[in-house]
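In the block that follows, a single chain appears as structure tokens, in the form predicted on its own.
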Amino acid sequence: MTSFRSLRFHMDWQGQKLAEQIMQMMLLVSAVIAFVAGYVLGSFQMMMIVYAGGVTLTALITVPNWPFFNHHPLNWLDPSEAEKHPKPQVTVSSKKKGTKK
């Protein structure tokens, strides 16, 4: 029996970018469709209902961490492996900027 923890889906950076692009495109398309439907039917209420449906559909597609948003997963080092590699040292330069006279 598989546990719920083994079914984790994490969204990577490219997945976040894709989700945002899908969201922007779907909201724009639903706004145009809602405006046209409201104009043709002469109903502000129908325009708002169509747009609310588009927003709901957009949220259902872009908010959950669907597996197709994780095509480029990040590979993290194990803590034991990370200890083997030296940490970068910060170098402080002692150069002073000259003053104008």
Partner chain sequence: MHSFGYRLNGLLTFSVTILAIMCAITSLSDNLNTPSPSAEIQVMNINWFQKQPQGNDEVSLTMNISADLQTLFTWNTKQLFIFVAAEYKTPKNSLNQVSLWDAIIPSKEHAKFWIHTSNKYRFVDQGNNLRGKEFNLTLHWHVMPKTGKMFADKIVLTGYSFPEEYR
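Residue numbers count along the first chain shown, from 1. Predicted, not measured: the structure shown is a model, and the values here were computed from it.
The protein also exists as the form predicted in complex with the partner chain; that form is not presented, and the subsequent description refers to it.
Residue contact check for V63: one or more of its heavy atoms lie within 4.5 Å of the partner chain in the model of the complex.
Remark: F68 does not count among the residues lining the partner chain in the model of the complex, judged by a heavy atom distance of 4.5 Å or less. With a 4.5 Å cutoff on heavy atoms, F44 counts as touching the partner chain in the model of the complex. Contact residues in stretch 18-34 (any heavy atom within 4.5 Å of the partner chain, taken in the model of the complex) are A19, E20, M23, Q24, L27, L28, A31, A34.
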